[in-house]
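Listed next as structure tokens is one chain, alone, in the form predicted on its own.
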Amino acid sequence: MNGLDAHLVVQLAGGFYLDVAFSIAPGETLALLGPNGAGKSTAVDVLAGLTPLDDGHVVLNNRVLDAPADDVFVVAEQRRIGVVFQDYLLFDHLSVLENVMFGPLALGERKPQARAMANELLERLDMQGLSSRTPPQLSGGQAQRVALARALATQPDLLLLDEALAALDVTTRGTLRRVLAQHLSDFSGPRLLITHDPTDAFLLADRIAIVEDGSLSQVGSAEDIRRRPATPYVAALAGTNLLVGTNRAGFLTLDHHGHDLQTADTSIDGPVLITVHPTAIALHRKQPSGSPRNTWQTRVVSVEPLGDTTRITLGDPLPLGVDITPGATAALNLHEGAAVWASVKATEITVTPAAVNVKSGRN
């Protein structure tokens, strides 16, 4: 197939085991998203040809790059994979122009052609005025653009971005996301974005593959993951509370928690994943009147201001995250240890048949 077809199986010293399989079509961006230590860096090393597979395969545009069963291993410099590393790894002793020319020259391109290609890429990235500078004279955002130009200059079959925005400050990262999104769309091959930042994944990727403890826990669009997170980690990324339990005629018995809920969904019978958006939960200083079906008394564990929203974390019996306005936080006098009542409408609780056993958690 054109594009990338990968099944990465690697056993590392210390007992870590990576086993993930995914494909990326030409012109598609897949984000490999996960916490530190999940296996993302190992995946980068394998695809780039720095670490060989123990099993599985890497096939790029119908060309086998790594297949232990067939004794095939293509070395890194022959893979035609453009990599943008987190630290960029630019050559400090070379100018910006020479950094971008390096790849084409290493592949045998003549110097005039390599220079013309580098100048064109720098112009596309609005960096033509900085071609004579060296990397130490660049800002973080400028260095990121040079690293991207250097990767594209090799005319790669796969563009691999390894935490390419992580070294930038918050303001620069937002600006460069927009620049990167534009240039990703200009690249016709498959693109793999390695990141631990859900914002990068949700804004830049067509699909997202979540890796946890060396294996994929969920693959789908950003909307799929927001609506139906498959694990507590994914729910945390999506800003959604995830619980695990059993649904019987709309009555939810929760695993590991001493309080049950009711949902409007009576069509699903059996083990379920339960999601509750943080904005769907209401907080009260006194027990709400009208006897809502889903109410419980609890205490505030933490209060975290997040700009226009305040994240309230609740304690037992249901450790959930709640998003309310700063005004509501002040009006309710919410602080760590405050006693509150929480409520949620049955119609605001989403249940999904549980395909796998997962531990319950909160965002």
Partner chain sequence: MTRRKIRQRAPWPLLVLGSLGAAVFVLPLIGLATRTPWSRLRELVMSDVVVDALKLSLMTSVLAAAISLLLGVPLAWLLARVEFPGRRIVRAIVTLPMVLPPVVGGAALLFALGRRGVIGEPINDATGFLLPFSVWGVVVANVFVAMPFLVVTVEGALRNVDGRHEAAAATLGASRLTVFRRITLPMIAPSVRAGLVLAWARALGEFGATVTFAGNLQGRTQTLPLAVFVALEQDRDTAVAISLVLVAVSLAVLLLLRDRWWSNGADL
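All values derive from a computational prediction rather than experimental measurement. Residue numbers count along the first chain shown, from 1.
Not on display, but discussed next: the form predicted in complex with its partner chain.
Give me the residue from 73, 85, 187, 251 that has a heavy atom within 4.5 Å of its partner chain in the predicted bound form. Answer to the contact question: 85.
By the heavy atom within 4.5 Å rule, which residue out of 105, 282, 179, 219 makes contact with its partner chain in the predicted bound form? Only one listed residue qualifies here, and that residue is 105.
Can residue 94 be called a contact residue for its partner chain in the predicted bound form at 4.5 Å between heavy atoms? It does: once its partner chain is placed as it appears in the predicted bound form, residue 94 has a heavy atom within 4.5 Å of it.
In the predicted bound form, does residue 50 come within 4.5 Å of its partner chain, counting heavy atoms only? Answer yes; at least one heavy atom of residue 50 falls within 4.5 Å of its partner chain in the predicted bound form.
Taking heavy atoms and a 4.5 Å cut-off, does residue 145 contact its partner chain in the predicted bound form? Answer no; every heavy atom of residue 145 is more than 4.5 Å from its partner chain in the predicted bound form.
Can you work out whether residue 77 and its partner chain are in contact in the predicted bound form, taking contact to mean some heavy atom pair no more than 4.5 Å apart? Heavy-atom contact with its partner chain at 4.5 Å: present for residue 77.
Choose one stretch from 297-305, 40-48, 55-63, 322-330: the one whose residues place a heavy atom within 4.5 angstroms of its partner chain in the predicted bound form. Correct option: 40-48.
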